[in-house]
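This document opens with one chain alone, in structure tokens, the form predicted on its own.
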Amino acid sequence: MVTRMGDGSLVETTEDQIKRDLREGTEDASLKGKVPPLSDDDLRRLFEILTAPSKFVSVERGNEVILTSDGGILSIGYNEEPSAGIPVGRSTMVKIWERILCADTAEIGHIDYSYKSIKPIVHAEQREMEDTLLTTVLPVFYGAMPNLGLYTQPDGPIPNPSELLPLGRIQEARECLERAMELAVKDMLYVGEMLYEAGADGIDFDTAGAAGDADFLATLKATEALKKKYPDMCVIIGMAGESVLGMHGELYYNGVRLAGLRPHEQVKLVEKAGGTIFGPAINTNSSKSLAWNIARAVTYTKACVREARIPVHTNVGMGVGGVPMYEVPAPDAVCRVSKALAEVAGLDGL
């Protein structure tokens, strides 16, 4: 049989190997995440999805889920690589996203996808959002990354913790992370308020936790403040990885230590902060098979859905959610990941 590896390469394998990889993938997630492994029925269903003879598979009628995206429209124009290279602005990209690709939602984001970078041009972003909303129907969000790294040297005013930690200056590094977090929260609030006032249907804090626990805490604090001011605001929080890195190590939210939290634990704090939609990110191992990675992603997601009281939209981009780590992931792999997460993990969206 032909399947793929976690780096997207095609390989030949046997049914027994696929079954073994599925079993090992769910056991790995169960051990590391301290969550229940998939049942035999779940593994059988995953095996059927992976070995379906069709090149492309889809969910059964009635199992459809909502699709959200982080900056997905940018792949249409010249804004990033790879892209379709169509010479159109973002407002037109949203129309293509809505009227040709028939997407459920869209997100406007600047190519410099960080709240610190957006702050100086936020009035231009407000105009872009308003123009887009006047000519579209689907919900349009505004998104960017907290990106604490931009607040440290050489890009920002604060000494870089990554340079202080190897020198053993641990307390100083922690203080720098806390200062960066304070600046990030201010920028996230400012941009979030301005875009919501311009009519955005919601705000996306994307790749939260990329700089560790301080990054995640900044996101939670910004969410809490925005929801206090705008109770009806939709706030999407998409994570950077399956485990919150303890770059600080001693940060807490609502009495819970952030370092080391897994998706089913992260979602509980997102709920407490007022988040509307949670996007867990399960890392893909490029040296393992597609079967191994899918089983692992489904195990984590199913545990997250079980704990969640808000919609769960697992991140399924390159290198997360079971999708191969490749710049343009193969559609035959992506569709199997999507079907598995929708029908076996029972999530609310992708």
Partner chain sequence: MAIAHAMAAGMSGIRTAGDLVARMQMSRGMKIDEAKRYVADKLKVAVTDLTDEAAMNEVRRDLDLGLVYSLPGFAKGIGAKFNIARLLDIRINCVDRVKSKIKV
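Keep in mind it's a predicted model, so treat the numbers as computed, not measured. Residue numbers count along the first chain shown, from 1.
From this point on, the text means the form predicted together with the partner chain, which you will not see here.
Determine which one of 172 to 180, 120 to 128, 214 to 222, 227 to 235 lies within 4.5 Å of the partner chain in the predicted complex, judging by heavy atom distances; exactly one does. Going through the listed ranges, the match is 227 to 235.
So in the predicted complex, does any heavy atom of residue 113 sit within 4.5 Å of the partner chain? Residue 113 lies outside the contact set for the partner chain.
Should residue 137 be counted as a contact of the partner chain in the predicted complex, where contact means heavy atoms within 4.5 Å? Yes, residue 137 lies within 4.5 Å of the partner chain in the predicted complex.
Given that the partner chain is not shown alongside this chain, does residue 29 nevertheless sit within 4.5 Å of it in the predicted complex, heavy atom to heavy atom? So residue 29 does not count as contacting the partner chain.
Can residue 348 be called a contact residue for the partner chain in the predicted complex at 4.5 Å between heavy atoms? The answer is yes: residue 348 has a heavy atom within 4.5 Å of the partner chain.
Contact assignment for the partner chain in the predicted complex, among 94, 239, 277, 269, heavy atom within 4.5 Å: Exactly one residue meets the criterion: 277.
Only one of 39, 63, 51, 286 comes within 4.5 Å of the partner chain in the predicted complex by heavy atoms, so just point that one out. Selected option: 63.
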